[in-house]
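What follows is a single chain, given as structure tokens, in the form predicted alone.
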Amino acid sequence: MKNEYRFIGCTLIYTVIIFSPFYIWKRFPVMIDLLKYFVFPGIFFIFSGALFYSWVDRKIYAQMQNRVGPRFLQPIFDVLKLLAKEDITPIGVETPEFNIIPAMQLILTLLLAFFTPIYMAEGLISFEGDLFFLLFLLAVLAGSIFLLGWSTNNPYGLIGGSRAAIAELSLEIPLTIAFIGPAILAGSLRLSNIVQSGFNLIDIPLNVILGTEGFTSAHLLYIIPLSILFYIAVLSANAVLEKVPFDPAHAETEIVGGWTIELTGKKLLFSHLANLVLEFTLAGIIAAVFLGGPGLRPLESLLIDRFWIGPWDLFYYVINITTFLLKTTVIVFLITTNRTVLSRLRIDQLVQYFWRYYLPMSFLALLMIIYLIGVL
């Protein structure tokens, strides 16, 4: 008899525990917002995606070099290892900046990730002009790297921070122009409007094939300038992430890790996680601007007519999330391929490439888009 009462009591307790969140979320809608920001598509999903694509990047890199590569859980083990390391503040550093900036970098990259459209056209944060705000946050992040290198009072750290600042000044204009091209086609500086406009490398051919109203075969000409801007955006992502060939700010063989040379323990962990989240975010934003973000909008009407269930159609969101992950994987693959097949450039060569070659190419592609808009 006691076991029966115990079983009934445990069943009631478990029932309350399981169903109480649904009751709370129904009565308090703010809980749904908290769930979005902290679970999906918020912080937990962002960290999970960042660690996953870190593994993808390292695995592809190893396979291209005929190596086995890391295990699937290796990025998590790396994080746990850094958590267990001693956190040291060397004598002679600028203590406030040295201790605060790594955590600030992680916060900045998380804020950037909140703008990324993951399961719908809008991210967690969306407003008119958010594309320029994204570029502003990238500039602030580069400034924080320079300040962190300066705060170490280490020659290698200062050189690495200075190189990062120079690289940011070189890539900022071509990267901005690369994003401005699709924004002009969409007629908006809002990321969600650019995603929904249909003017990207995937939606334009699909719209032409399906005969979508407003799209003709002449619109295929937009693929030429968009491909150029897409190429520049991916190469700029390599530079922002300090990956080969644009990694003189972090060159271990030259300046022993650059601006990260004095970081240990949690500070190194924050900086490491910030870089992983930034890679996931940049790949997602490039996928949104040039590949249409989550979903395949020209095919949505066909999918909805055939598989629509209701306003919370699980199939619809699964398709969106799956296509977002696939497109982001393509961008990560291109970034990894660049750092595998290309050799490191000196800082003067980096500046020369962006100012002498990529800047005129981006202007040419932008003028081509403006001309096609006038003609078509």
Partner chain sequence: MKNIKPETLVEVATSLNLTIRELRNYPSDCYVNVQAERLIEIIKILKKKYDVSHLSTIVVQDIDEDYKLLYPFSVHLPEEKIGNFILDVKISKCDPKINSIVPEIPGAFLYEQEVFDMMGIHFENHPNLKRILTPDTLPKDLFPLRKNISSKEIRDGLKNARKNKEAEEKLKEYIRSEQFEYISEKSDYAISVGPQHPALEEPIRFIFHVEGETVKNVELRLGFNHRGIEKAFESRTWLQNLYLAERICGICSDSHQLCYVQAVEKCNEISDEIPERALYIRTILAELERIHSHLLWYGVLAHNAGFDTMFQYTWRDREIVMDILERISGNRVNYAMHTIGGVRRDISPEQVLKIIPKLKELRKRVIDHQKMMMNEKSFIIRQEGIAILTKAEALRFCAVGPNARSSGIDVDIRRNDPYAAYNQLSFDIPIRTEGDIFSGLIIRLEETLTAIDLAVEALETLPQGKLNIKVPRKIPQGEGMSRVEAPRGEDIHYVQSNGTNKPERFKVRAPTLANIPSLLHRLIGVQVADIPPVIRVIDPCIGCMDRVTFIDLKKELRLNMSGAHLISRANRAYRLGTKILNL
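Residue numbers count along the first chain shown, from 1. Treat the numbers as computed from the prediction; the structure is a model and nothing was measured.
Here the subject shifts to the form predicted together with its partner chain, a form of this protein not shown in this document.
- Comment: its partner chain is not present in this chain, but in the model of the complex one of I347, I335, I319, L51 has a heavy atom within 4.5 Å of it, namely I347.
- The partner is absent here, but in the model of the complex a heavy atom of V244, alone among L268, I177, V244, L108, sits within 4.5 Å of its partner chain.
- In the model of the complex, Y353 approaches its partner chain with a heavy atom inside 4.5 Å.
- Remark: E254 counts among the residues lining its partner chain in the model of the complex, judged by a heavy atom distance of 4.5 Å or less.
- Although the partner is absent here, M64 lies within 4.5 Å of its partner chain in the model of the complex, judged by heavy atoms.
- Mapping the unseen interface onto this chain, Y222 falls outside it, with no heavy atom inside 4.5 Å of its partner chain in the model of the complex.
- With its partner chain omitted here, the record of contacts in the model of the complex names 158 to 166 of 88 to 96, 158 to 166, 120 to 128, 276 to 284, defined by a heavy atom within 4.5 Å.
- In the model of the complex, its partner chain lies beyond 4.5 angstroms of every heavy atom of every residue of 221 to 238.
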